[in-house]
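Given as C-alpha cells, the chain that follows is alone and in the form predicted alone.
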C-alpha cells in the first residue's frame, strides 16, 4: 500500500461516535422552538445527552456565562453518587427531567432536559470549569450527562425521538416557515 492509499483510508475512518453511537434527536423541547437535544445511544444501552447542532446555544456565536446542575433547593445533579453493578444511588430521571441550566452571556437561560427515562450515571463536571467545551465539542468532551435506561425500556426509549433524517426534515421545514 502506498502513501496515497494510506491517507485515503485514514480520512474515511469513522469517528468513535459515528462508529459506536446512534444519534437520536428531540426537537423543540417542551414546545420551545429550536431548543433541540441530541441523544447518542451506544450499543450497550448507555445514552449520552448532548446539544443538537441547531440548539440556540451553539448558534450566533454565543458565550456561556454559567452552567448550573442545581435543579431545585433539594436536588442537585452533582450530588448523584452511583455505586455497584446495579448502579445504586443513581437519580432516576423521567423524559422531561431537567439536567442543568445554562446561562448565556446575553442573560438568556436554557434548561437542558434528559429526553429519556433512566438512571443518571454521570454529569459532565468538566463543562463547569471549561464551559467552552460545550460550544467547541458538544458531541464529545462537551456532553451534558450519561443516562442508563432500564433494560426492558432500552428499545422503547427511542419511540419519542427522531432519527437523523426525521430531524433534518423538521429543521428544513422550520427554516422554510421562518421569514428571512
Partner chain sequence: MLPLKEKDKPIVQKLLSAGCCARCVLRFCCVSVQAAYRQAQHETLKELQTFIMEKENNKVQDSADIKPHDTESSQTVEDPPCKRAKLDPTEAVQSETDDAAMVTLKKEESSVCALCLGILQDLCGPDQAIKIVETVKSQNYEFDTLVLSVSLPAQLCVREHSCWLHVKKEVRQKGLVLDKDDVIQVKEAFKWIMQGLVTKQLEGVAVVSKSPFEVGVEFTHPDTESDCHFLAKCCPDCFKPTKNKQSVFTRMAVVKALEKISDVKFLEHYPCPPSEPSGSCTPQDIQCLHVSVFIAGRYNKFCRSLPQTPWVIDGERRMESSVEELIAAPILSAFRADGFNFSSSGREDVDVRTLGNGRPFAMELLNPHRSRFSKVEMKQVQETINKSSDKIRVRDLQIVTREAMSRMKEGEEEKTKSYTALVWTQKSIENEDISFINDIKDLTLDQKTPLRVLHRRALAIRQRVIHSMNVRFVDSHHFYLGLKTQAGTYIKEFVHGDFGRTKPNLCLLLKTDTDILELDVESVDVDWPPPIPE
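Small disclaimer: the values here were computed from a predicted structure and weren't measured. Numbering follows the first chain given and starts at 1.
The same protein has a further form, the form predicted in complex with its partner chain, not shown here; the description that follows concerns it.
Heavy atoms within 4.5 Å of its partner chain in the predicted complex are found in one stretch of 57-65, 27-35, 108-116, 145-153, which is 145-153. Mapping the unseen interface onto this chain, residue 135 falls outside it, with no heavy atom inside 4.5 Å of its partner chain in the predicted complex. Taking the partner from elsewhere, residue 70 is found to have every heavy atom lying beyond 4.5 Å of its partner chain in the predicted complex. At the 4.5 Å threshold, heavy atoms of residue 128 stay clear of its partner chain in the predicted complex, well away from it. When its partner chain is considered in the predicted complex, residue 160 lies well away from it, no heavy atom lying within 4.5 Å. Contact annotation for 80-110: residues with any non-hydrogen atom within 4.5 angstroms of its partner chain in the predicted complex are 82, 84, 85, 87, listed in sequence order.
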